[in-house]
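The data below hold one chain only, encoded as structure tokens and taken in the form predicted alone.
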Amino acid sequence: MEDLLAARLQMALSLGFHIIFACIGMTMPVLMAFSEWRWLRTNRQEYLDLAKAWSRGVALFFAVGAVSGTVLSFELGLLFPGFMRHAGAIIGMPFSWEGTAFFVEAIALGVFLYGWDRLNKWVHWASGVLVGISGVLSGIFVVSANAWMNSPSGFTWENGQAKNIDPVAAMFNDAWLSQALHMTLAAFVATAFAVAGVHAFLLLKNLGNVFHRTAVRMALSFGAVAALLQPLSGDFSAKDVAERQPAKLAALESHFKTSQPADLIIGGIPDSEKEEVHYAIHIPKALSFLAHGDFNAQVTGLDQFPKAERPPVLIVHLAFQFMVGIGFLLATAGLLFLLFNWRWKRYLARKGWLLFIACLTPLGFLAVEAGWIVTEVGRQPWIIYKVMKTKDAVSPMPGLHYSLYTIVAVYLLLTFMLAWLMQRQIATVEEFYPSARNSID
């Protein structure tokens, strides 16, 4: 295996693993704090039980996420020293702020976990809110650094060196807002639907269980709102990509030829050699409108870029279609939940509905993975867009595939341990939480 491919596969594996924990770390503390707030307002036992149960999950995923995040920070320097040599001084600030948010999150989580019955109730709740805020900010800071790779700014590139560095301009680059908004909503959609799906699966065994019934409705409330906002965020991101990275937009839409107006291509299998898309549905003028807000606008195709500077169209297009398809499915589920909760609450307790929600459990995270593939693979061959190619940043050290094999083994072990711990936690729910033993008709 070539060292460049091994390095890219290892980064892809590490990011794909860590991003799950990042999403959970951004969302679960918010659900946890919201449940405690509901308990403080209503004094209902199930809200207190959920806050405590979810806090144990937060602690577990926080610990594993800290390990994978630390691995990532080392990998950037070890696998791509050429990137860090130039980029470290430019985008160090969001990384340092991410570290600060991480430590605040860790301290606040410790206070929350060990502060039950020791702190004033509202002070304890505030510590949970702080965990949620710092978790979201931590994710946004990392996304800001990634956005800089897609939209480098805050420096001038002179003779292969970065000059006139402005770290604030680099951090708040042109892509950070659209990416941060899209990623934050994606985290809430994926995690909220996963939480709802797990509790829905358990609720199927006892339809009257108060603990799981409350958990499903609370998680779906967050997931539904986020899922319905996500298409708007996606439209914002698409217009931003069309302006800054037209090659990426052309790849994710399999738009080979520059055209005016341009059709939107749904599905299909792109053939990069013949520059065709087979078995696709074409919607006339729709891509022009989605990319530029004008049904007759010109959309740049891949024919405007040298073949050596085009992203891998097949991977990017399929990942994008997969992400969008799941996004609309979850938005539909969210809309149905809001309608049922408004007018037809009896449907929320039906086995068919709960089975549907349980089946959605992994889809949000699969969409996140697909979206990350679109973002990263769609930028290739550049590691810093239009400044540095990935092949020029990789380590010259031979034998990088051994590092890849080690990381695969470590992540498999972590996944096994996490699944085992989660299974143990779910199995002890009725033992620790009174409302999990209560049922209503």
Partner chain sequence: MLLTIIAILGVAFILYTVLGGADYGAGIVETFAGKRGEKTISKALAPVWEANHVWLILAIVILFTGFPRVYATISTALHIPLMVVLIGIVLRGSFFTFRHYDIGEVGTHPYYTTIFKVSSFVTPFFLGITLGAMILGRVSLDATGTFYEQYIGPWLNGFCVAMGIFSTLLFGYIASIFLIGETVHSPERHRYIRFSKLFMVLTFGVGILVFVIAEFENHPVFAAFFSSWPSLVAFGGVVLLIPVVLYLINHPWVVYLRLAIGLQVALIMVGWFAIQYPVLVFERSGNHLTFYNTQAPEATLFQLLIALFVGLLLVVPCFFFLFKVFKPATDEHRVK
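Remember, it's a predicted structure, so these values are computed and weren't measured experimentally. Residue numbers count along the first chain shown, from 1.
Here the subject shifts to the form predicted together with its partner chain, a form of this protein not shown in this document.
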Q.
At 4.5 Å between heavy atoms, only one of the stretches 213 to 221, 71 to 79, 183 to 191, 349 to 357 reaches its partner chain in the predicted complex; which one is it?
A. 71 to 79
**Q.** Three-residue site Gln321, Ala331 and Leu338 fully in contact with its partner chain in the predicted complex at 4.5 Å by heavy atom
**A.** no
Q. With its partner chain left out of view, which of Ile107, Leu177, Ala280, Ala126 would have a heavy atom within 4.5 Å of it in the predicted complex?
A. Ile107
Q.
When the contact criterion is heavy atoms within 4.5 Å, does Tyr47 count as touching its partner chain in the predicted complex?
A. no
Q.
Test of understanding: in the predicted complex, would Arg85 fall inside 4.5 Å of its partner chain by heavy atoms?
A. yes
**Q.** in the predicted complex, Leu207 touching its partner chain (heavy atom, 4.5 Å)
**A.** no
(Q) So in the predicted complex, is its partner chain close enough to Phe103 to count as touching (4.5 Å, heavy atoms)? (A) yes
Q.
Need the contact residues for 369 to 392: heavy atom within 4.5 Å of its partner chain in the predicted complex, sequence order, or none if there are none.
A. none
